[in-house]
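Heads up, the chain below is alone and in the form predicted alone; it's given as C-alpha cells.
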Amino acid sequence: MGYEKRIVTNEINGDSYIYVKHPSGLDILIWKKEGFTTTEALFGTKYGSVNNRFKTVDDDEYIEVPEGIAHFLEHKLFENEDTDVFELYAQTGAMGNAYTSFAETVYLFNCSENYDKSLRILLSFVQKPYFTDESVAKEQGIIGQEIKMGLDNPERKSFFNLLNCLYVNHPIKIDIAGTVESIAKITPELLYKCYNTFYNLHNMCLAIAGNLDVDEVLKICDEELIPVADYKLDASVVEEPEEIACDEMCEEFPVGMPIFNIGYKCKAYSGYELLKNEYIASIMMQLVVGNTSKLYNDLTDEGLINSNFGFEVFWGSDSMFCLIISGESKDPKTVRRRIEEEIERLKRDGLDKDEFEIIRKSRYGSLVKSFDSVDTCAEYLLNAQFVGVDVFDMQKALQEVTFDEVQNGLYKFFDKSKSAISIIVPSRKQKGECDA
C-alpha cells in the first residue's frame, strides 16, 4: 500500500519520528524509542466542547447541536454492541483511557507488552459506534450526576465564571460536560451525526511512541482502518468581538476563603505563531507573578496570597487565547490592583534580563528532558499535529524567544480594558453582591 511518508528530524540532537498520510485519510505519527520498554498510543479527533456548530459538503446550513455532546459521545463510544473495551484491554495488559477537552477528544492506551493487540483494540472500537435510545437515556443520568458534582466545585465555577466575563460569544465559556438541560436533548441520531462528521479519519490522528516496530504499526493500520470520504468539515466557531463581556463576576459558595481568577483576553493565534506566543506569554508571566518574582514574595509576606496562587496561558482552541492568574485571598480585589500596578511598573522599569535567561534555559532543559518520557512524546505528537506544527518546533520556538519579545509582551498581553476578575466568596451575602 502506498503512503505519503516523511521523516521528521530534530536538527539539534538527531532524534526523529515518522509522519504518514495513510490512504484512508488518517494522519499517523510514529516515534520509535530505542531502549524503552513501554508504548503509548493516542487516537484523537479534532472535536471538542467548542464544536457545537458545523457543516460539511452534505449540509446546506450550519448545524447546531446540544452543549456537551462531544464529551457524551466519548463516554458512549466505549460501549460497543457486543464488547467491553476495558475487558479487552485487560486481556492484553494495557491501561486504556479517554478524555474530551475544549478542542479534541482522545482515546489512548499504555502498555509494556502486546502493543500490537492493544492497537487493534483501539482502532477497532473507536470506529464502531453503537447508540440506542436505552443506552443514551442511561448515560444522560450518569453524566447528569457528573455535571451536578462539578457545580459543587468552587474552583471550577470560578474558572468558568471568568471565561464568561472574558468571552461574549465563544463557546469556550461553556463547561465541557454541558448542562443537565443540554444533554437531555441528545439523541442517538444526533450522536451518529456528530460521530460521522468529526470521527472522519480525515479529521483524526494516530500518535504512537515507544517500543514498537514501524512496519508492524502500519500493517495493523492497513488492516483495521476503514476508509471514508472527506466531508470537508467546517467547524469554525462564531465570531468573537475584541471586547470582554464584563469585568467582574461574583458568586457565593460554602468556602473558607475567597477564591479568585483574574484573566486577560488576548488575540488568538494558530500554528507556529501560537507555539511561540505561548512561550513568550508564559515566561513573561513567570517574571511578573511567578514564585521568584518580587510581587509574589510581597503578596505572600503580606498574607494576601498563599501556596495556591498560580498562573497559566490558556488557549482551549486556536480561536482564543488568554492569561489567567488564580488563587485564594482574603482580598482578591487588592491582589488584582497590585498585579495591575506591578505590570505598569515593569512597563516603565523593564523586566530582569538575567532572570529571563534563567527561566528560558530552565524551561528548555525541562522540555528536552520530557522527551525521555514515552507518554509525553506520544502526547506531543498528537498535540503538535492538531496545532499544525512538528514536535521539534517546540524546541525551536523556545530557543527563538528573545528578551525584547517578552518585554513587549507586557503591552501585547496585558490590556487592562480586556481584563476581568471572577470571585467566589464565602456564603454570607446575597448572590451578586461582592466587596471581597
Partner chain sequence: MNIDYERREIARGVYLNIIKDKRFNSNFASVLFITPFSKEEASARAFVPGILSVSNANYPTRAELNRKLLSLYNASLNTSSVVSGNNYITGYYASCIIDKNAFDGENVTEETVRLMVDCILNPKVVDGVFDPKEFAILKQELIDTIDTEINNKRGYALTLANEIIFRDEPFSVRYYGTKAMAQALTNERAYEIYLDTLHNADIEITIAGDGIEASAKFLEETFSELERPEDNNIIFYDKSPLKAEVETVDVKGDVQQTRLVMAYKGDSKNVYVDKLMTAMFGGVATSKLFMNVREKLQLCYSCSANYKEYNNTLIVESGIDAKNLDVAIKEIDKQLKAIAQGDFTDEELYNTKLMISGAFKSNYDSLFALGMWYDVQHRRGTCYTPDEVIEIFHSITREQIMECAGTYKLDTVFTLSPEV
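Residue numbers count along the first chain shown, from 1. Note that the rigid core is defined as the largest set of C-alphas that superpose within 1.5 Å between two forms. Because the structure is predicted, anything quoted here is derived from the model rather than measured.
Another form exists, predicted together with the partner chain; not displayed. Remarks below refer to it.
If we define contact as a non-hydrogen atom of the residue within 4.5 angstroms of the partner, is residue 368 a contact of the partner chain in the predicted bound form? Yes, residue 368 is a contact residue.
Can you check whether residue 105 is within 4.5 Å of the partner chain in the predicted bound form, heavy atom basis? Answer no; every heavy atom of residue 105 is more than 4.5 Å from the partner chain in the predicted bound form.
Would you classify residue 127 as touching the partner chain in the predicted bound form, given a 4.5 Å non-hydrogen atom cut-off? Flag for residue 127 set to no.
Do residue 94 and the partner chain share at least one heavy atom pair within 4.5 Å in the predicted bound form? Yes, contact at 4.5 Å.
In the predicted bound form, do 13, 152 and 361 all put a heavy atom within 4.5 Å of the partner chain? Heavy-atom distance to the partner chain in the predicted bound form: all three under 4.5 Å.
Which of 215-223, 154-162, 171-179, 333-341 sits within 4.5 Å of the partner chain in the predicted bound form, heavy atom basis: This holds for exactly one stretch, 154-162.
Counting non-hydrogen atoms within 4.5 angstroms of the partner chain in the predicted bound form, say which of 247, 273, 116, 79 makes the cut. Contact check passes for 79.
Heavy atom within 4.5 Å of the partner chain in the predicted bound form - the one residue of 138, 353, 185, 267 that qualifies: Exactly one listed residue reaches within 4.5 Å, namely 138.
At a 2 Å cut-off on C-alpha positions, does residue 13 qualify as shifted between this form and the one not shown after fitting the rigid core? Result for residue 13: yes, a 2 Å-plus shift.
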